[in-house]
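Quick heads-up: it's one chain on its own, the form predicted on its own, in structure tokens.
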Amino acid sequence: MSGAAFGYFPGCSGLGTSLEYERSTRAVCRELGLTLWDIPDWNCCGSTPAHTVDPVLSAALSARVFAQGARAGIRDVLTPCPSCLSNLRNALEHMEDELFAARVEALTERPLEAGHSVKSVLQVIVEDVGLDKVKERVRRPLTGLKTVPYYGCLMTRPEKIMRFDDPENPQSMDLLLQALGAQVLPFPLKVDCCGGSLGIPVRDSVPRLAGRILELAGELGADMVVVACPLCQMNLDLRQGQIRTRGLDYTIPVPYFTQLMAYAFGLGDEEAAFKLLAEDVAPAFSCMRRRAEEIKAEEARVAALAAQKAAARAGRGAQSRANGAAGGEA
């Protein structure tokens, strides 16, 4: 899907707490031939608290984002954040109700025209660009890296709104990581809640729920937990100090899938932005490189053994033909 263009909605966290997601997303999209047009004068979409307080105001915030895009000729919107995606899609769904739409338009003072769409970066890369093109772009395969993909609650649910992947056992990020050369471990908690924004009103929720995810990842032998959501990333990465006080006895880096794509594509430190993570990725990459050498050595050993067997078979075949020829002459 070379040359496709989308209106880009980074979300509020993209310019702050998830800057590494923002940088790597733009870099990866550029490498894959996706053009991102910044929506002019965009505003917060209302996620996560607005819809719980006033659904009309929440939809109005999202509707203004689409309206700003329409003024710039943008109909198809792309966002890296599942929470923003959920809010934007819910707004489009609710706006199909005429009475609800009228209440929203009373706030925005402009009607929302039909024909808008919004997708996640992950969905566009997997479904529109395609994994074959991702594989073609890999320059530094992640051979030997053991990963678990963590989708969080919102990337694929609710199914009626998100309309992407399997809501309970998604595979898109699994397949993407495999396309980069990484080993993907089966992870039964891939859509379990990490605590979300409950860390503020219920302080114990995040260490307990996120800790459960990290603990299982470590028990499975994962080098990294790979994410696609800024809030999930913050809970799993930034709060590991709190989680370790509850008994977690190791650290594990939690990069975004776009950061690993940037690395595998051969891009530089600025684009991959691993230094912006709380937990260091260097030990995981060291393990990856060691395993990659072991895999390479094993493949060479197997190839040499296969060559020896082939040579032996060829020798036996030649001897048998020679014996047959000798017998014929006699």
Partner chain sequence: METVLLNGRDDAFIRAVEESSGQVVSRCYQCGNCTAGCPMSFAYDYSVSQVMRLIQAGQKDAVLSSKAIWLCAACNTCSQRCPNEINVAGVMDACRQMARREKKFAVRAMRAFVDAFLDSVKFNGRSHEVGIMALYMLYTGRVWTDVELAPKVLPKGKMPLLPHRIKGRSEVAAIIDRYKQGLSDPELARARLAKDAGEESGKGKEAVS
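Residue numbers count along the first chain shown, from 1. Please read all numbers here as calculations on a predicted model, not as lab measurements.
There is another form of the same protein, the form predicted together with its partner chain; it is not shown, and what comes next is about it.
J.: I need to confirm a contact call. Of 184, 138, 193, 126, which residue comes within 4.5 Å of its partner chain in the model of the complex, counting heavy atoms only?
T.: The residue in contact is 193.
J.: Using a 4.5 Å heavy atom cut-off, which residue among 36, 70, 50, 287 comes into contact with its partner chain in the model of the complex?
T.: It is 50 that has a heavy atom within 4.5 Å of the partner.
J.: Go through 117-125, 139-147, 160-168, 73-81 and give me the stretch that gets within 4.5 Å of its partner chain in the model of the complex, heavy atoms only.
T.: Within 4.5 Å of the partner lies stretch 160-168.
J.: Considering non-hydrogen atoms and a 4.5 Å limit, does its partner chain approach residue 299 in the model of the complex?
T.: Outside the cut-off, so no.
J.: Though only this chain appears here, would residue 241 touch its partner chain in the model of the complex if you measure heavy atom gaps against 4.5 Å?
T.: Contact check for residue 241: yes, within 4.5 Å of its partner chain in the model of the complex.
J.: Might residue 205 be said to contact its partner chain in the model of the complex, defining contact as any heavy atom within 4.5 Å?
T.: Yes, residue 205 sits close enough to its partner chain in the model of the complex that at least one of its heavy atoms falls within 4.5 Å.
J.: At 4.5 Å between heavy atoms, is residue 315 in contact with its partner chain in the model of the complex?
T.: Residue 315 lies outside the contact set for its partner chain.
J.: Heavy atom within 4.5 Å of its partner chain in the model of the complex: which residues of 22-45 meet that condition, in order?
T.: The stretch 22-45, when checked against its partner chain in the model of the complex, contributes 41, 42, 43, 44 at the 4.5 Å heavy-atom cut-off.
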